[in-house]
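What follows is one chain in structure tokens, specifically the form predicted on its own.
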Amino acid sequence: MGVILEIVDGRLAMRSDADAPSSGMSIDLGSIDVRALGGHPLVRAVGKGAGHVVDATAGLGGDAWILAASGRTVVALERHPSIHAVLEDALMRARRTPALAPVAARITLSQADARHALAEAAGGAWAILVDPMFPPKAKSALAPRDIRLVKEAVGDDADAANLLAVALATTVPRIIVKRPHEAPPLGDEPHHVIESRLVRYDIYDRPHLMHRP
């Protein structure tokens, strides 16, 4: 099976080719809860260092939106053309909505494979976020439809460890990897971890890069 793009209620939407026409899922960035972001685990994981954040695996844009709503400038990379197109459509709609436009303006989205684009995107960045597809659980409830569609589009992200290695090869001071609680680290043991109810953030710091002129 694959994914199909279609227009539903004036929005670009994505559905499985096994789903009924006009049943596609669009992205509504305005529905993301951005209250009390100072205590959000992702915002805490990124910290307060100077420079933009690179979201190397933008997906449906939730993490990039949370970071931008917290005041960060975000460079978001998404390599799958269909996911990129649906997210780009959502950002365009957000930029036309007065209440959302200031947040949307802090996000620059590119269709690019982060393994090849990180060297340029990471110039001057404070942090890189890597959020690969989570490994399947032995027993779990059915994932939400949006997650199932992304997984159907991108597969299992077999090159996720390689992406982390590329991120660690940059001169960015902080690398953050989003993982499920039960999964092992994607690479070496992280320097520290921030836990949330559903996920954890493995953090790799390079102190010698944290005080750049």
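Everything numeric here is computed off the predicted structure, so don't read it as measured data. Residue numbers run from 1 along the displayed sequence.
Another form, the form predicted together with a small molecule, is not on view; read the next lines as being about it.
Scanning A69, V43, L186, V150 against the small molecule in the predicted complex with a 4.5 Å heavy atom cut-off leaves one residue, V150. Contact annotation: M133 falls within 4.5 Å of the small molecule in the predicted complex, judged by heavy atom distances. Put simply, A122 is far from the small molecule in the predicted complex: not one heavy atom of it is within 4.5 Å. In the predicted complex, V74 stays away from the small molecule, with no heavy atom inside 4.5 Å. Proximity of R106 to the small molecule in the predicted complex falls outside the 4.5 Å heavy atom cutoff. Relative to the small molecule in the predicted complex, residues D63, H80 and R115 are all within 4.5 Å by at least one heavy atom.
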